[in-house]
Every structure is written in structure tokens, then in C-alpha cells.
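Only one chain is shown below, in C-alpha cells, and it's the form predicted alone.
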Amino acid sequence: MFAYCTDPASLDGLAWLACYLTTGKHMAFYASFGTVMLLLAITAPTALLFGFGGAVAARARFLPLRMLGKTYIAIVRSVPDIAFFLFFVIALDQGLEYLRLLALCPDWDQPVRQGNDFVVCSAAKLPSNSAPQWVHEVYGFLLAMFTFAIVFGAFAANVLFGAMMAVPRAQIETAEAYGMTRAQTFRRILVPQMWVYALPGLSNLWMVLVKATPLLFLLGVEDIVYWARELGGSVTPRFSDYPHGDWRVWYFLALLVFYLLLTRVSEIVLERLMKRLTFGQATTGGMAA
């Protein structure tokens, strides 16, 4: 904050605006853009890992494993994202606390369900009541990230399963004719070739993931949507040194520009990645890429 910002009431014009845009809440608003990017950076590879595991399980020869993979894909894809997010975060949080209750408070004799409340001993609370605020924020972010990864992992599993099935059967048969085992064929033939077929679907899934990041607000994480509503709402001189009217349209316009830029950069990167993966291969146009 600038030195002359100690008395905002005496300022006007650009000086007032400069002080207003450098308040503590605005710094948290700017940092929340990093929260969104961090969520994408962690969730995307984690969801891809879940998706790969789900796709491999769905095409396994072992029936229980195959049913597990297909059930994971079917259930998560069938439930609306918002409903799953709100349910899974609460269920996961309470499940972890219940496991800690069994481990840390074996003598606990009260029911965990008391009306609408979920009650456990103090030692089982996660995070503990005495933990600093940043621990609660990190814990909430990790729950949100894991939930995003579970949901989008199911969609990624469906895409990767289809991509594996799209690899020409002749490639697999040729590998088997050369004496490759099933594992070697999977590792050396199927997986390297499936990415060309998977990338269009994964590209769309990435765009959906980007657009889904505002759901962090519903999960209790102070993201860009939270701060846009918090800062953009009307403020009177009684409650702030920087009173203003309803400015939410300008804050959400900033979010619009941010997501448009992020989407455009994503399109450029994905287009270059597709060209790299298809280099030297026959395309639907009949020419080598």
C-alpha cells in the first residue's frame, strides 16, 4: 500500500483508485488467481492418473476389476457435477474424521450423528480446532482438488477407454506375432498410439475443467468468484474507507477476460501438442500431418 493511503477520504481520482486496488482484500483477490492456476496444475495430472487407472480397469480381463472400473465411470458421469461436489466433500471430510475417531478416541461412546450435526472428539477433528487458519484453508483446498480429480478422472477414463479401443486391432496382432507379451503390447504399442485418439476428448475435458473452477466457491474455498462478489458489492462509508456502489459487473468482467485468455492459451498449446503427436501420421485428409 502506498504511504498516502493512510487517509483515503482525502484522496480522489487515480490516487484513490490506486489505494483501493492495493488493499489487503484486493491482494487476496489477486492471489486467488494463483489458487485457480494451482488447482488446474494439480488436478489435471491427478485426474489423468485416475482416468488412466479407470480405463485400464474397465478393459481388464479380471471381472471384478473390470466391473470396478466401469462402475466408477458410470456413477461419476451420471451424477450432476454440483451435486457430486457438494456431497463428496462433506462425505470425505466426515469419513476421515470418523476414521480418526476410531483410531484416536476408542472410548468414545456418543453417537456421531446427533440431529443434523456430525460430532466427534476434539482429537479427531480434521484439522484440529487449534490449527492456524492457513491449515484450514489448505485442507479445504486439498478436499476440493481431490473431488475435482475424482470427477474429471471419470470423464478422462471414458475418453482413454475409447482411445484404447480405437487403436487398430492390426497393431495389437502384429505385436503379438512378434512375440510380445500382453504387458509389452500394452506398454509399447497401445499406450503410445492411444494419445492421438484421446487428445481431442482430453482437450474438451480440459476446457470443461477450466470452466468448472468457479465451483471452488461452492466448496468454501476463497477463489476469484468469492472475492469478486465480496469486493464488488456495494459498500457504505460506515463499513469501509473505500465506499462505492455495486461494482460486481466490473469484477466479473475481469474474470471473463481472465477465462478468455486462459482458454485461448490452452487452445494454442493443445493445437501444437496435437500437431506434434500426429507428425508423420496419416490424417483423415489422407495426407501425412
Partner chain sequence: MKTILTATAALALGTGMAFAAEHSETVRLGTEGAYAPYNFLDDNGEVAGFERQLGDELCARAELTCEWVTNDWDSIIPNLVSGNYDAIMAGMSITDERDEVIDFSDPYTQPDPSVYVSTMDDVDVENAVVAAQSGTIQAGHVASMEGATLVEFATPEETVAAVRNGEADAVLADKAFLMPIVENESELSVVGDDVLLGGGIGMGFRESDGELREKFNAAIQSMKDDGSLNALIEEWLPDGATF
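Not measured: the values here are computed from a predicted model. Numbering follows the first chain given and starts at 1.
The protein also exists as the form predicted together with the partner chain; that form is not presented, and the subsequent description refers to it.
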Item to check | Triple contact flag 119, 126 and 238 to the partner chain in the predicted complex, non-hydrogen atom at 4.5 angstroms | outcome: yes
Checklist entry - Does residue 93 reach the partner chain in the predicted complex, with heavy atoms at most 4.5 Å apart? => result yes
Next on the checklist: Taking the partner chain as it sits in the predicted complex, is residue 192 near enough to touch it, meaning that at least one heavy atom pair lies within 4.5 angstroms?
Outcome noted: no
Checklist entry - According to a 4.5 angstroms non-hydrogen atom cut-off, is residue 217 in contact with the partner chain in the predicted complex? => result yes
Item to check | Contact of residue 135 with the partner chain in the predicted complex (heavy atom, 4.5 Å) | outcome: yes
Next on the checklist: Within 4.5 Å of the partner chain in the predicted complex, counting any non-hydrogen atom, which residues from 43-82 show up?
Outcome noted: 50
